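Below you'll find only one chain, the form predicted on its own, shown as structure tokens.
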């Protein structure tokens, strides 16, 4: 079941630049979907459209079955978001900021607010002025705001930007806990490939406004590709000779060896052993998200 459905969304700015070109994607129930792309690829534009802040020229967006164009209130009623840099009143406490911001919708339930504040780990500082908060604490306050009231999905725009490594790990654990305990669907716009690889179930890659990939983050070797393995051993010259004779390409730095279609991994390994090459590492090569992203960005 899809919580967010984007169908053929196109957006061209007044300058004539095409920001999005017939982009379609789905955010499924209970999944974390990564949104990747270079600067200017259209990620933030798409986030703005999903939040009803940017009007598309063509296409449609549905959230929880409601069309944003025709029924924005119902569509966004169960959506929480951190979009661009969150802004707060520095002279107010964290709790006062939450009350002021939720007042826009007329919603305020003290017990629910306290529960969410505890959930994001801000209970001890929520009654302190926001002007005294660190960047990480501001991000936690922004997440608390996005979770009030508890939405069906979260749209997060670079939530770990500016955080130190410890803060990034804490955010990752927090988002995974929110998904596990509350079934939240999360769309994560990020430029950190490592975080997307560790956190997300699937990802969408945008390039110059077009979607060039939508699929699993944990990549499998495609059936239509020639088999590849990771091969390492001390007898570099001998391994290189055997691979050359077998019409294989071997990258000595990464260890990745690509086989021609007529040759199996077992056949190459047999040839290496028969030639006397010592093999220290031999495993099926699993393409990384970084390799996929770089290959698509250069295509």
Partner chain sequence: MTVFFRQWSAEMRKLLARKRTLMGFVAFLLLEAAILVLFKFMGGEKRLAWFIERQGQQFGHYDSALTLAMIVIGLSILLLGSIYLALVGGDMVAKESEDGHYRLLLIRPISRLRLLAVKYLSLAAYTVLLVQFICWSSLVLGLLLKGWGGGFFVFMRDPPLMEFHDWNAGLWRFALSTLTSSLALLTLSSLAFFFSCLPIKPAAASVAALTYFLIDRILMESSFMENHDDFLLSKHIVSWAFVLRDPVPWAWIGRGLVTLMAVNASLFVLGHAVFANRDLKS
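On a predicted model such as this, the values are computed, not experimentally measured, just so you know. Positions refer to the first chain, counted from 1. Rigid core: the largest C-alpha set superposing within 1.5 Å between the two forms.
If you look for the form predicted in complex with the partner chain, you will not find it shown, but the lines that follow are about it.
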inquiry  = When the contact criterion is heavy atoms within 4.5 Å, does residue 84 count as touching the partner chain in the predicted bound form?
reply    = yes
query = Does residue 180 make contact with the partner chain in the predicted bound form, using a 4.5 Å heavy atom cut-off?
reply = no
task = Considering only heavy atoms, tell me if residue 105 and the partner chain come within 4.5 Å of each other in the predicted bound form.
result = yes
message = Quick check on residue 258: any heavy atom within 4.5 Å of the partner chain in the predicted bound form?
response = no
query = Using a 4.5 Å heavy atom cut-off, which stretch among 116 to 124, 180 to 188, 140 to 148, 198 to 206 contacts the partner chain in the predicted bound form?
reply = 140 to 148
task = Sort through 215, 77, 162, 131 and report the residue having a heavy atom within 4.5 Å of the partner chain in the predicted bound form.
result = 77
request  = Only one of 59, 30, 52, 265 comes within 4.5 Å of the partner chain in the predicted bound form by heavy atoms, so just point that one out.
outcome  = 52
Partner contacts for 243 to 269, taking the partner chain in the predicted bound form and a 4.5 Å heavy atom cut-off = none
ask   = Core aligned, does the CA of residue 145 move at least 2 Å between the shown form and the other one?
value = no
message = Would residue 92 count as moving between the shown form and the other one, using a Cα shift of 2 angstroms or more after superposing the core as the test?
response = yes
